[in-house]
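Shown below, as structure tokens, is a lone chain in the form predicted on its own; questions about how it binds or moves come after it.
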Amino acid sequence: MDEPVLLTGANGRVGKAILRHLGDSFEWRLLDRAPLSAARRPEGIDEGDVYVADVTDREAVREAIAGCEAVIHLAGDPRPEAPWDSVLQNNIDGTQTMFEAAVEAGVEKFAFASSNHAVGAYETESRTPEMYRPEDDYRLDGTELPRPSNLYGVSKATGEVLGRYYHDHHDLSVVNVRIGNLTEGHPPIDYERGQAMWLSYRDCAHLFERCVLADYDYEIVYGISDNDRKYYSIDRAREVLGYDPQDNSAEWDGKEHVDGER
């Protein structure tokens, strides 16, 4: 890819995973409402490539996105318990601002960080905890309608619908990644649900790398590692994006684990 990739929410956990493993893979523009320390910036990214701004600031977003070929949009209020006024401003209005700016700037690809909370209410009492276990064959594959578990999930489902609009009416390639449980080093311990939706740092980075490099129209995929326990299908991510996850929560042996390079 010859043109820059804009990464919003660069200071967050997903941004950390992406920059740790893909720091030298692309020419980056980084945007976050909080300053990004020099230690968090990959080598080769200078201060001129870092924008301290809110994603609802249309002028700042236009400046950051100018000349970019792709966007990875992570920014927003990440709290599952976030109140409506916050998710409305930061997650819905902010995402719409990003989509509009992407179209105006001629961006080709837009990867939106959706969430497992957009479909959290599929985890009914009658399905759990069996659905978190390897022998259960229940799967969500991205074709199901959203079923949010909280207002944060509502905001992520809304972002997916915004992506559908901007794809259909402005020919923007959009992929929505319903991110599972991203943890550094090892999967959640003694937590079946967390193990079923675990996403390692290196698999997270690889998945978003494929979002930048692959060809697609409008897609919804799940962002988890290749766990034995899983109730999200990663078949679509494999087929459309070329996602090839390396980690599996079942293989963690209880010892300290450090994500290696691909």
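One rule holds for the numbers: they count along the sequence shown, beginning at 1. Source: prediction; values computed, not measured.
This next part talks about the form predicted together with a small molecule, which is not shown.
**Q** Using a 4.5 Å heavy atom cut-off, which of 42 to 50, 210 to 218, 63 to 71, 191 to 199 contacts the small molecule in the predicted bound form?
**A** Selected range: 191 to 199.
**Q** Which residue, S173, N181, T97, T158, has a heavy atom that falls within 4.5 Å of the small molecule in the predicted bound form?
**A** Going through each option in turn, the one that passes is N181.
**Q** Taking 4.5 Å between heavy atoms as the contact cutoff, choose which of P129, P80, P134, G185 touches the small molecule in the predicted bound form.
**A** Residue within 4.5 Å of the partner: P80.
**Q** Please determine whether each residue of K109, H206 and Y243 possesses a non-hydrogen atom within 4.5 angstroms of the small molecule in the predicted bound form.
**A** Contact check failed for every one of K109, H206 and Y243.
**Q** Quick check on R13: any heavy atom within 4.5 Å of the small molecule in the predicted bound form?
**A** Yes, R13 lies within 4.5 Å of the small molecule in the predicted bound form.
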